[in-house]
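Below you will find one chain, with nothing else, as structure tokens; this is the form predicted on its own, and questions on how it binds or moves follow later.
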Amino acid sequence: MDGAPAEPKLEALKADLAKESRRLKLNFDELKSGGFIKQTQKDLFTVRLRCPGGKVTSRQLAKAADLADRYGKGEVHITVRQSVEIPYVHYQHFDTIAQELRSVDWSVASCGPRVRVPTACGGCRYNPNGLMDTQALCQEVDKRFFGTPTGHHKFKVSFSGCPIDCFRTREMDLGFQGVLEPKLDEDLCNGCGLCVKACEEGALKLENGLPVRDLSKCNYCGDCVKVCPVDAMVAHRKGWLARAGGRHGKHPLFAYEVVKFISDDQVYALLERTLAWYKEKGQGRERIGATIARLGLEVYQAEVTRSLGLETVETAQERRKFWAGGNLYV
């Protein structure tokens, strides 16, 4: 007699559990877009923190360690894209963690089909190779574009301060690399030849005691300016070389150089126009590189870079000098 009434209650409990499971699964899918990534362990997640340019304060690092101790397993993970992640967090702690992060002016990053947290090297602030202020621009791009829905897939942006390209602008949906075009003051040049020796591209040679530049080989690294002992080789102009359509992963693509010597303000304009173009022209879950491949680089150039009046890299010949052996676009 005592067991008979329990059966309907058990069935009701199972129904409630199934309903809760469906609800939680839906929420988990949504949470992934907000930077909470499901682990293989039941009910545990990795919490990805927002670190534009890899820049965090000592207070924020201390908070990450504290949260990892209290809500994880006492460890953090540093990703290849400069994010700090706290693994082994139960979903019940999400709200508490988000609230505690706000106390140190920090927040959770994002996943899904939207603009991700941008990455950047140290740039010219303390790196002697840096030509442009990557950190300042990265922080501003994060403020303006982070989390912007693309309608299709993830969208990654990075900034490298010089042609060493530590932050792999060739593998980003839109990447920006600092460049410098040198100019010779012939009246100051003493013909020492140090600039010729420093040029790894073979873009300089001495003629009549003066260095002569072959711009078809110059990749705008600025090394000749750095080594000149009499300041005869100077910066004629600086700016950003932009690349579009790259990605890494299982099916990597190298990006195309699309514009050169653009200003910080033009970076914002190019990002805005590119995102609008991708949202309109993209199909399904393809990355922008696949969209460009499907429609053709010329379509992207005509409808985005040239429409903005930017200094467009037009030909494969112009792009060859940025690649080893110049053979990618042969």
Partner chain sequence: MSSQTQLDLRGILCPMNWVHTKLRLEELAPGELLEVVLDDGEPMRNVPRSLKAEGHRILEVNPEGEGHYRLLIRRGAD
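It should be emphasised that the depicted structure is a prediction, and the values quoted were computed from it without experimental measurement. Numbering follows the first chain given and starts at 1.
What comes next is about the form predicted together with its partner chain, which does not appear here.
Worksheet item: All three of Pro128, Leu194 and Cys228 touching its partner chain in the predicted complex at 4.5 Å, heavy atom to heavy atom?
Response: The answer is yes; Pro128, Leu194 and Cys228 each reach its partner chain.
Fill in: Per-stretch contact check against its partner chain in the predicted complex, the hit in 230 to 238, 104 to 112, 167 to 175, 135 to 143 (non-hydrogen atom, 4.5 angstroms)
That would be stretch 230 to 238.
Worksheet entry | One residue of Ala98, Ala198, Val76, Leu210 in contact with its partner chain, assessed in the predicted complex (non-hydrogen atom, 4.5 angstroms) | When its partner chain is considered in the predicted complex, the option within 4.5 Å is Ala198.
Worksheet item: Glu85 near its partner chain in the predicted complex, any heavy atom under 4.5 Å?
Response: Looking in the predicted complex, residue contacts with its partner chain do not include Glu85, since no heavy atom lies within 4.5 Å.
Practice prompt. Using the partner position in the predicted complex, report whether Glu257 sits within 4.5 Å of its partner chain, counting heavy atoms only.
Written response: Although its partner chain is absent here, Glu257 would stay clear of it in the predicted complex, with no heavy atoms inside 4.5 Å.
Fill in: Sequence-ordered residues of 248 to 268 touching its partner chain in the predicted complex, heavy atom within 4.5 Å
Contacts from 248 to 268: none.
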